[in-house]
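Quick heads-up: it's one chain on its own, the form predicted on its own, in structure tokens.
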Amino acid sequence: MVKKVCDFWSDDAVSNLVEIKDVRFSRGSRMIFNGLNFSIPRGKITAILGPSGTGKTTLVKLITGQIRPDDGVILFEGRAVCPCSRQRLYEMRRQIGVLFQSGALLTNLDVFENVAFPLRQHTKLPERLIRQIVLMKLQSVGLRGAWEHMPSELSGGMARRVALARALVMDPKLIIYDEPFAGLDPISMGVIVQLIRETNDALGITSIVVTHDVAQTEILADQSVLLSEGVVVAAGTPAELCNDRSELVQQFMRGKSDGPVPFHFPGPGYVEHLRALASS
């Protein structure tokens, strides 16, 4: 079984950079994914949506090979992410940039060194070339002038843009944005939305945006995938999801408090629970 997965090659790799095929994953007795199937097309921006607790962050870890699925296969450029050799996994990861929700800048390094860090770790480029690449990436996010600043001197939006420059510095084929709009003011949010779109189109890369922000998704994404209860419940353009007749899709897209996703966490009846506690 493992050998067959390792040798798997997908004919769809030309059009899809990432493919998720019948993936199942559990944590203890809790099933997070139960037959997950969808693809990430090359050169497009795909938004991964879903209520809290649906496993969006877990999916990012599966795609980057940090954890393995219990069953099924995840393909990057037509080849299985896991299981594979450590060398192959590291080669794949060098082709993926990740923009974390917090930015995850190294607090003891200035802006220049934060962006230069992946180059110093994974290449043997001369210092002159590293300097040119880093300043070019900072210029692309509008922060070349802040190259000597420390992370503590940056606003939340500026820190997110430095983190984007760092994610781009290795010229990846795929960038994963983890909640890129969280905690940003409207101006900073507009800047990040524009940068994601322009970066994707100018460099011809592929982007995955993990987010709860439906409004920004409608502006930004080429396709949206809505996850719930371990499977894809809807996929298509943002407009197609907005017009989907499913009650669950409408509840999420319209932000309705009442619907298939309940307000109360599952448990025994309220009165029965009180009685049980009183008698214990």
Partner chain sequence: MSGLVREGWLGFREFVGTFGAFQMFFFRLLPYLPKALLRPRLIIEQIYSIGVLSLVLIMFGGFFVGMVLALQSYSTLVEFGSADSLGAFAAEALVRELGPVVASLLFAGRACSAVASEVGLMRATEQISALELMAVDPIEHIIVPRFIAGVISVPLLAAIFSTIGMLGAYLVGVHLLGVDSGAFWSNIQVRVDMYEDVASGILKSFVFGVSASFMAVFEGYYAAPTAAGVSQAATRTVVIGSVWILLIDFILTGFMLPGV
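Numbering follows the first chain given and starts at 1. Treat the numbers as computed from the prediction; the structure is a model and nothing was measured.
Here the subject shifts to the form predicted in complex with the partner chain, a form of this protein not shown in this document.
The three residues F100, Q121 and R166 all sit with a heavy atom within 4.5 Å of the partner chain in the predicted complex. Stretch 91-99 is the answer when you ask which of 91-99, 154-162, 188-196, 204-212 has residues with heavy atoms within 4.5 Å of the partner chain in the predicted complex. Note on the partner interface in the predicted complex: the residue among A182, A104, M136, L125 having a heavy atom within 4.5 angstroms of the partner chain is A104. This chain appears without its partner; in the predicted complex, the one residue of S228, T46, T64, T217 with a heavy atom within 4.5 Å of the partner chain is T64.
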